[in-house]
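Included below are C-alpha cells for two forms of one protein chain, each presented in isolation as structure 1 and structure 2.
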Structure 1
C-alpha cells in the first residue's frame, strides 16, 4: 500500500527531501506520491517521514484513506477539545 497526499497540501517542500524512497514529487496543484515507489518507510524508519514533518494535519492518507498525520497530531490537542482551546486563546 502507498500513501496519498490530498488537496490540503500547501506545497511547503518539507516532505519531498525526506522521503527515503524518493516517491514524493511536485505536481499541480499539490505534491503527489508515486504509489509504486512509496514504501511507507517500512524498514527504513519507525514513523513515515512525510507524515512526521508535514505541517498540515490530515493531508497524508494511508492506503485505507485514514490520515497518517491525524487532527491533533501537531498540537497534541484532541479534535473534540480544539474548539474549546481556540475559544480560550481568542478570549485572551
Structure 2
C-alpha cells in the first residue's frame, strides 16, 4: 500500500527530504508519491513522515484513501466554522 498526495498540496517541499524511501518528488501541479516506492514508513518511523509535517489538511491520503490530517485537525478551526466564514466572504 502507498500514500498519495492530492490536489491542495501547496508545494512547500517539507515532506520531500523526510521520506525514508525517497518516494516523494516535485511535480506539476503538485508533489507526488511513487506508489511502488512508498513503504508507509514501516520499519523506519512510527509515524508516516510526509503526513507528520504536511501543513495542509486533507492533501495526504493513506493506503486506504483516507485523509491522514482531516479538516480541522491541524488548524484547530472546526470545519463548520470555516465553511460559515468562507460563505460570508463569498456573499460580500
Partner chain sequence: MALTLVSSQHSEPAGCSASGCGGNESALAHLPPQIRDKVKDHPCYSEEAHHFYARMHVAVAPACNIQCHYCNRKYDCSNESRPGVVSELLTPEQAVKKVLAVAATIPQMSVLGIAGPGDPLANPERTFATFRELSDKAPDIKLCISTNGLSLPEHVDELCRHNIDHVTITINCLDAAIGAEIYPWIFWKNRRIKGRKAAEILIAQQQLGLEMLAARGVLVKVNSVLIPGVNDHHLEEVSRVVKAKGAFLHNVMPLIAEAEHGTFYGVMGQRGPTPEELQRLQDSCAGEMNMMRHCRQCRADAVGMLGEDRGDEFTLEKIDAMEIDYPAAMQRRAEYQAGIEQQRQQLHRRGETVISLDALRPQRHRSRPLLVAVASSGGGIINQHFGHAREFLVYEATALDVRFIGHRKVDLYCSGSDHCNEEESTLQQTIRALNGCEVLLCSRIGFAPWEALEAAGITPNGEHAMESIETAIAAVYQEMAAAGKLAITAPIALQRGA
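We call the rigid core the largest set of C-alpha positions that still match within 1.5 Å between the two forms. Positions refer to the first chain, counted from 1. None of these values were measured; they are calculated from a predicted model.
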- Task: Mark the structure, either 1 or 2, that is the form predicted alone.
- Result: 1
- Task: Align both forms on the core first, then report whether residue 9 has a C-alpha shift of 2 Å or more between the two structures.
- Result: no
- Message: Superposing on the rigid core, I want to see if residue 18 changes position between the two structures - specifically a Cα shift of 2 Å or more.
- Response: no
- What is the C-alpha shift for residue 75 between the two structures, rigid core superposed, to one decimal in Å? 3.5
- Supposing the core is put in the same place in both forms, how far has the CA of residue 84 shifted between the two structures, in Å? 9.0
